[in-house]
Structure formats: C-alpha cells, structure tokens
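Just one chain follows, in the form predicted alone, and it is written as structure tokens.
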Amino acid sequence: MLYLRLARGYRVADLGRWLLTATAAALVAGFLLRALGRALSQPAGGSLVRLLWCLPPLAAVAWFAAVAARAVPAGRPERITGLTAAGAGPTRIRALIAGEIALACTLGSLLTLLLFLVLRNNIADASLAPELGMGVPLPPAAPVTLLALVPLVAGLSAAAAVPVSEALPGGDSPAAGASFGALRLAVPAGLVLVGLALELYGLRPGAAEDGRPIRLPAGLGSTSPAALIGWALAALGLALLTAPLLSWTGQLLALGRPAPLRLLAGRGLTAEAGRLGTPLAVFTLTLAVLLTAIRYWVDKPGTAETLPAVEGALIVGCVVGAVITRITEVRNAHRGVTAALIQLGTAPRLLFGAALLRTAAAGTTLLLTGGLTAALAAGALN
C-alpha cells in the first residue's frame, strides 16, 4: 500500500525511471528463461556458457538500479522529508528505495515469465521450440529461482548505493570537487602504459605463431592473449582517468582571468568531475566496445550474432539511463545555487551558455578517451 501511495506522486522522470527499470529487468529475465529453455532442450549443450552470457546485462541492470536509487534523495527531497516526518529512519528509507527498485524488477520479470509460459503452450513457432524448451516438462522451481535473481541483485545494489547519511534531508552529500592525489593518477596511468606495451607486444610481426590465440565471443574472431590483456588494462586505465581528465579540463577552462562564462563552466566541471566521472567512463567504454564490434561485423559479414547484439543494446540503454539519471541528480543538487545566481541578477542566457560550454568540454575529453579505447580494441581484433 505504501508503494501505491508513493506512485501517486510520480512525476514524468520517476515514471520513466520505473518503466526503464522494469523493461530492463524483463529483458534480462528473457535471457535467463532462454538459457533455461535451451538447457531443457539440450541438456549437454553448454548451459553454463549461456548463463554466463546473462551476467553482463544483469550487471548493467544492477548498476542502473544503484544509480537510480542514489538519485532519489536528491531528486525527491519532499518524499524523504515526508517519510522522515512519518517516523522512518535512514535505514528504513534506504530499504524503501531498494524495495521500490526490486518491485519494478519483479513486475518486469513476471511479465516475461507469463509470456514465456504462454509461448510454451504450443503457440510459438517451431523455430522457437529449442529456445523455450517446448515438449520438455518445466520444473516449477527453475524459472522462479532464475527470475528471483533479477530483483534480488537490483534491490541489493540499490540498497548499497544509498549511504545512510544521504537518506535523510540535509544529509551529507558526496564531496564536490574531489582532489585526485598522486596515487589516484599513477595507478591508471601505469595501467595505460602497461596495457599499450602488452598490446604492441601482442601485435608484433610473428605474434600469431606464439601460444594459442583466444577465441572471442559474439563472432569477433580471435586475438592473442597479450593483445587482449593489454587492451583490457589500457581500457581500465583510461576509464579510471576519466574523472581526473574532466577535472583538469574544467581547470583549463578557468585558467587566467576568465570571463564569467568560462569561470562558471570551468568551476562547475571541476566540482562535478568526481560525480560524473564513473558513469561517463562506463558510458564511453561501453560505446567504444559496441562500435568496435559493429565495425568488425560490418567488415566481415556473416560473423554477427543476434544475442550479443540484443544484449549490447540493453547494456547501452542501461548505461545511457544511468548517465541521464546522474546528470539529473547533479542538476537537482544545484537548484539552490542556480536560483541564488538568478536572484543576484545573472542572466539565464549566461547559465545556459556555461552549461553548453561545460558539455562541449566534457564531450571533447570523452571523445579522446573513448576514441583511444576504440582504436586499441580495433587493433586487438585485427
């Protein structure tokens, strides 16, 4: 009943977040039920491998759930205030937010299960029979156990993402403008250098004859172990460098004696680099991998596979949703500052121009890291 009352106060953003969570959970549930159907039709046909294919989209849904739950206190402070006035403490509020996410995932999973059972009732085409396990008895505990993973993982991720201090109005927010020490910079820079060296070693002439090449999934051919490990290390290092690079870009914008436009854009980007760094780094890495795979499939027709393409689309959707949610969270956190600037006589056009300049500067940084990640991935595939 409490969740129904909360749903009455949903705005467009809340409804979109809820529907996106339910849709993503429904798709992941579809992947899990497909793996179950294949296991029933072909008991000795690599069931473990099919379940492992479900882990990336499940992780994407869990991460989106965590980001969405983290944004609720900042996006709906009046809701948190009302729950606090009703006697709910920080732990209970965090549990309520996680329960809302888990409820959305449960409804999405149930809809998928209903569709799965309907199609198994001799309605689906014969080509889908192996995917659904038609003609084989369905153990009742199997789909329930598999589908319980989606709301469980999403709910736990959401609960862990909301610190207790942020579950109450006036709680401490994450430190803005976090400084990046020498260790924070040395580790990712070292990963990038080691990764580049390993990939160059793996791509040297005659490297194909050394050792056994690794067969990549999704029809992406094969590559040498050194090239693959090198790319993974370099990609991880570039992802970890995203937040410091965003901070440096903001400081570069505000160098010297900047005009108000550059000052607002630079200081804003520097202050929010720590908050935006992780989702933007994941977005850049995901997009670079997906574009590299698409380029490989286009260059070599007939190598593309349907399941990895659908999973890639789901992962990109979750990542984009997480980035939009985090940007909205940052914007909501700055509503008071924006209102104060407008009261002091700042022109709205100046604030809009600063936002555009900040977006362009961040996009340039992401283009650099994402382009290098994609180039290294393309080199490893070739």
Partner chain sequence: MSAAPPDNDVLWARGIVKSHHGTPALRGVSIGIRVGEVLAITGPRGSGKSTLLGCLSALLPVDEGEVWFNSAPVHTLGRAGRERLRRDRFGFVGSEPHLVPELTARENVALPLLLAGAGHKAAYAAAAEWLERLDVADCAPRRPAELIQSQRQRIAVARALAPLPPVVFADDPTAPLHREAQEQVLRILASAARSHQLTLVLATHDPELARYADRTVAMVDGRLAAPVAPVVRGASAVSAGR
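Residue numbers count along the first chain shown, from 1. Quantities reported herein were computed from a predicted structural model and do not represent experimental measurements.
Just so it is clear, the following notes concern the form predicted together with its partner chain, a form of the same protein that is not shown.
Interface residue among L196, L264, L203, A232 relative to its partner chain in the predicted complex, by the heavy atom within 4.5 Å criterion: L264. Exactly one listed residue, out of V320, L356, L350, L55, brings a non-hydrogen atom to within 4.5 Å of its partner chain in the predicted complex: L350. Of the heavy atoms in T346, some are within 4.5 Å of its partner chain in the predicted complex. With a 4.5 Å cutoff on heavy atoms, I315 does not count as touching its partner chain in the predicted complex; it lies far away. In the predicted complex, no heavy atom of P151 sits within 4.5 Å of its partner chain. For the chain shown alone, H334 is a contact residue for its partner chain in the predicted complex, at least one non-hydrogen atom being within 4.5 angstroms.
Partner contacts here mean any heavy atom within 4.5 Å of its partner chain in the predicted complex, and among 320 to 328, 29 to 37, 59 to 67, 338 to 346 they occur only in 338 to 346.
Residues of 256 to 287 placing a heavy atom within 4.5 Å of its partner chain in the predicted complex, in sequence order: R257, P258, P260, L263, L264, R267, G268, A271.
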